[in-house]
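One chain comes next, on its own, written as structure tokens: the form predicted alone.
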Amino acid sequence: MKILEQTSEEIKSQILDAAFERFGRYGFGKTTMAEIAKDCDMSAGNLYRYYTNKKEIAADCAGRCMKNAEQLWREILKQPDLSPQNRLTAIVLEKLNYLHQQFSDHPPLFELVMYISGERQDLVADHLGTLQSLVAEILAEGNRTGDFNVPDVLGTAKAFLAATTKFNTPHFMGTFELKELENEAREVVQLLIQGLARR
């Protein structure tokens, strides 16, 4: 039987899986290209065919995490039975759970977050822009259904993200218990929804 060779994208995905696991166990700073290559059962020379340095791998790892979070929000927007209010609550809780799962048990991953925050603001800005657009979709839906009265949909979406930063960034995940964060998130979003409601 002929064994199909892996595509370049499949190999890169394998590299990112191995790198993310190692970043989560030992930290970004202590991880080397040689160790990532070994985890992938490939030579360091072969690894360099796909990534020229560890920073490129880190950027793709972070980018993949961001895309996963964005997809979770898109799935919530697709659900036909949710009201705009429930969508806003759901997106905050969904990302909170995703981040808490990723970061609370793997504190060394924060090194990766700090690197991306400091050196790859372009990735962070793109991610925040996507999230802002998704929140704006929910606010626009609320305007159409009469649940909300939001004249500036994009500006209000930006403010919503700012108000829920604690639940949408990794920095607080290792400091608080998930249940505590969930309860606080529900209270904050409820306050915001009251401010958005049509009067």
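Numbering starts at 1 and follows the sequence shown. Keep in mind that this is a model prediction, so the values were computed, not measured.
Just so you know, the form predicted in complex with the DNA exists too; it's not on screen, but the next bit is about it.
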Check your understanding: Looking at the DNA in the predicted complex, is some heavy atom of each of Asn68, Arg74 and Thr89 within 4.5 Å of it?
Key -> no
Check your understanding: Where, among 159 to 167, 137 to 145, 60 to 68, 46 to 54, do residues come within 4.5 Å of the DNA in the predicted complex by heavy atom distance?
Key -> 46 to 54
Check your understanding: With the partner left out of view, is Lys30 within 4.5 angstroms of the DNA in the predicted complex by any non-hydrogen atom?
Key -> yes
Point to revise | Touches the DNA in the predicted complex: Leu154 (any heavy atom, 4.5 Å) | key: no
**Study point:** 4.5 Å heavy atom contact, Met42 to the DNA in the predicted complex
**Key:** yes
